[in-house]
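For reference, the chain that follows is the form predicted on its own, supplied as structure tokens.
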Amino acid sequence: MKKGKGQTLIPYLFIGPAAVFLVVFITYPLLHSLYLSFTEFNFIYDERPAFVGLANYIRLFAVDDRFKAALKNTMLFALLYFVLVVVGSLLIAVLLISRLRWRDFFQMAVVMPIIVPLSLAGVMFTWIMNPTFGIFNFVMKEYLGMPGMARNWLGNPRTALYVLVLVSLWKFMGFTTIIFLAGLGSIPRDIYEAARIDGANWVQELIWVTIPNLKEAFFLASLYGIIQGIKVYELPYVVTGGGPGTATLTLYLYIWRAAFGYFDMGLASSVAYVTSALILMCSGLMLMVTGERGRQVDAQKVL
């Protein structure tokens, strides 16, 4: 039985709004920004973009010191954040799933920061780390007896970026901890029982049983850590403004400055595509590593 024209058009009526949305808000902006990355365009003064080829990309890697500083800071931030959030979340999840005293309280303490807006967290830690009235320096001096450690943490180029890493960990570690908790809950208990019969201690169980059986959790947590580390923007914008100097200037913050501070849409678009390429390369590398090494280990090999 042949379908009528009305029945043939029904599927297109359902997918039409989604297709229009994808084209207008995703496909067109991507293609237009790609074109802008090969142009010189100040949207305040220029009537239309002027095509300059690869000049913007050559400028970034050859003479743009701000881009080099932003790239260096982003890579350092992403590396520290990625390692600490994966390792820290795994250890916290292992502790929370065990018979830990006050476990419910610690679970709430780890997860609660997720609901705090990132901009509010930035303002809060700006007050905490304030060199004059901040509680952190007060505790260091009055309670821990280390007045030499009290300093302007966010105003020092050597320490400002590390403080932002710690704030980001406090804010987002609860999410990756939930991922690992879900992974730990899916591991059969009889594997641990077999490992204990073979004489495995807690550390050996972690290395030879827990970690190999968390392939999917490691993949999700690692992917989240890489993307979250590279696209850091709100914290340096709210807390340090990219300073002191360029000590906390990141790629996302530099994109915003290039677009709405210098009004250079060509430069901003080129930095955006370099950042996207960086995320894709790091994600692909992580996928290769987890795909080759994320193999389950037989509990009988645990000794």
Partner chain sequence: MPKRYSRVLASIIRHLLAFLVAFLFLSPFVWVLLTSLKPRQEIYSYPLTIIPRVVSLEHYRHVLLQMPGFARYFQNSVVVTVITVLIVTALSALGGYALGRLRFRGQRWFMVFVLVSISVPYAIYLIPIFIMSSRLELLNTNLGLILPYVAFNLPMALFIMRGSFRVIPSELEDAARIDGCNEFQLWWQVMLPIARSGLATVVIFTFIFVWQEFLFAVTLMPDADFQTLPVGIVHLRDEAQAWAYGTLSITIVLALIPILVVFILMRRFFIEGIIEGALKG
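The term rigid core refers to the most C-alpha atoms you can superpose between the two forms while keeping them within 1.5 Å. Numbering follows the first chain given and starts at 1. As the structure is a prediction and not an experimental result, all values here were calculated from the model.
Absent from the display: the form predicted together with its partner chain. The rest refers to it.
Colleague: Taking Ile10, Ala18 and His32 together, does each of them reach its partner chain in the predicted complex with some heavy atom inside 4.5 Å?
Modeller: All of them do, each having a heavy atom within 4.5 Å of the partner.
Colleague: Taking 4.5 Å between heavy atoms as the contact cutoff, choose which of Val110, Ile191, Val165, Leu71 touches its partner chain in the predicted complex.
Modeller: The residue from Val110, Ile191, Val165, Leu71 that makes the contact is Val110.
Colleague: Where does its partner chain sit in the predicted complex: which of 157-165, 131-139, 193-201, 74-82, heavy atoms within 4.5 Å?
Modeller: Of the options given, it is 131-139.
Colleague: Within 4.5 Å, heavy atoms only: does Thr248 come near its partner chain in the predicted complex?
Modeller: Judged by the heavy-atom cut-off of 4.5 Å, Thr248 is well away from its partner chain in the predicted complex.
Colleague: If we define contact as a non-hydrogen atom of the residue within 4.5 angstroms of the partner, is Gly145 a contact of its partner chain in the predicted complex?
Modeller: No, Gly145 is distant from the partner.
Colleague: With the partner left out here, check for me: in the predicted complex, does some heavy atom of Ile26 sit within 4.5 Å of its partner chain?
Modeller: Residue-level check for Ile26: yes, a contact with its partner chain.
Colleague: Is there any non-hydrogen atom of Met288 lying within 4.5 Å of its partner chain in the predicted complex?
Modeller: No, Met288 stays farther than 4.5 Å from its partner chain in the predicted complex.
Colleague: Is any part of 141-175 within 4.5 angstroms of its partner chain in the predicted complex by a non-hydrogen atom, and which residues would that be?
Modeller: In sequence order, Lys141, Glu142, Tyr143, Leu169, Trp170, Lys171, Met173, Phe175 come within 4.5 Å of the partner.
Colleague: With both forms fitted on the core, give yes or no for whether the Cα of Pro188 moves by 2 angstroms or more between the shown form and the other one.
Modeller: Yes, shifts by 2 Å or more.
Colleague: Please determine whether the C-alpha atom of Phe25 is displaced by 2 Å or more between the shown form and the other one following superposition on the rigid core.
Modeller: No, the C-alpha moves less than 2 Å.
Colleague: Superposing on the rigid core, do we see a C-alpha displacement of 2 Å or more at Leu280 between the shown form and the other one?
Modeller: The answer is no, as the C-alpha of Leu280 shifts between the shown form and the other one by less than 2 Å after core alignment.
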